[in-house]
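One chain comes next, on its own, written as structure tokens: the form predicted on its own.
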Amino acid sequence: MAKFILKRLAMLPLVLLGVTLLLFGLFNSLSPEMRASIYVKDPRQLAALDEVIRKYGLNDPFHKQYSRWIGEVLSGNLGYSETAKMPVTEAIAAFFPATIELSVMAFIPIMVLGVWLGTVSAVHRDKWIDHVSRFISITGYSLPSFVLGLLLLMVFYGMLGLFPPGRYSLASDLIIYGGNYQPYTGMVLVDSLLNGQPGVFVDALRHLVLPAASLTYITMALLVRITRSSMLEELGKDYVRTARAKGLPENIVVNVHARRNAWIPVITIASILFVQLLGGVLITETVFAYPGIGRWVAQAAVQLDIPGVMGVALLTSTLFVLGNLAADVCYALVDPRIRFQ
């Protein structure tokens, strides 16, 4: 297993190299004039296009431009984001912790409820709980996330005033930027506890409830369907019938024997879903005015903030590779029959 993990980690630079070549190739497919116009914000400065092309070497051969750019990336310089008004690395450090916080808060109920509903639905096939589970999965899979988000805001914030949008309230903002608060991780829930501010923790948790609930309902639908189909396949196999014939309790048959063998496709989907959450959930973050990385990269894309878009693309690519590695390791932990040579 250790050898397998080291091999996969050794492949990470090759994967990132391919991603950087693809990203830079797409950007380089634009003409030098079009790329130079990104740096010329005032139409009256169009005469400066030639100067920008010369300054940044936009007419150089592809390999020279790429080597120059990748050298900056490897040195930690991802460029300057005009949207965030700061270097891209600082922007990622500022927005990514919020997305991590939201992703974790959503992923825990996604896993717990998704696996439970899928298992119960398979065990009680074609009964009322199965119909309810399929209704939840179908509506969650087909319901647009912005519609669900607006409905949740209308009911729980507009009518009941319980869970506001944003990341925290003005009172918490005054504490966080008051001078004595130390942002150790950038995640408000963690930092508030480390700073001994339970009021900020509760306030941030209230702001996370609605976006996390929206993501849970939308994202959980796929996991429920995968778990149900995988469990139905396992429950129909000979070893399950043998276990029941031996008189084993039904909960042992389902939870110990069948569900463990049904984990492989569930782990695959779960790893993909978690990385997608970490990569930014644009619509949810926009609807709930949540300052995560998805909302920022959407603004960067609209304003042709190329360094910001490429920086997030590199981050997401790295997360997908690491997510696949974590899934492979979980395969072997769940099923000892799996051996990576």
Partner chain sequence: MSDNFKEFAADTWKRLKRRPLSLVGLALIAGFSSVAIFAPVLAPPEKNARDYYLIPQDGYSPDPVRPSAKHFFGTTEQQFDLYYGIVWGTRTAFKIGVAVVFVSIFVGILIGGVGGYYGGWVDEVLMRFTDVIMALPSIILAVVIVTVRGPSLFNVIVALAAVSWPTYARLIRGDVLSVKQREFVLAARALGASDRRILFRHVIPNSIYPVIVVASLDTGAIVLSAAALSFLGLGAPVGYADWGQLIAMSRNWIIGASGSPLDYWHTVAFPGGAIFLFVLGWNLLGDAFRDILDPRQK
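Numbering follows the first chain given and starts at 1. Because the structure is a prediction, the values reported are computed rather than measured.
Keep in mind the form predicted together with the partner chain is missing from the figure; the text below concerns it.
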Check for me whether the partner chain, as it appears in the predicted complex, comes within 4.5 angstroms of all of 104, 122 and 246 - heavy atoms only. no
To verify the annotation, which of these, 194, 264, 232, 256, has a non-hydrogen atom within 4.5 Å of the partner chain in the predicted complex? 232
My question is simply whether residue 126 lines the interface with the partner chain in the predicted complex - judged by any non-hydrogen atom within 4.5 Å. yes
Counting only non-hydrogen atoms and a 4.5 angstroms cut-off, does residue 135 reach the partner chain in the predicted complex? yes
Residue 131 near the partner chain in the predicted complex, any heavy atom under 4.5 Å? yes
Answer for residue 330 alone: is it within 4.5 Å of the partner chain in the predicted complex, judged on heavy atom distances? no
Any idea which of 232-240, 195-203, 68-76, 104-112 reaches within 4.5 Å of the partner chain in the predicted complex, heavy atoms considered? 232-240
Contacts from 135-151 to the partner chain in the predicted complex (any heavy atom within 4.5 Å), listed N to C, are 135, 138, 139, 141, 142, 143, 144, 146, 147, 150, 151
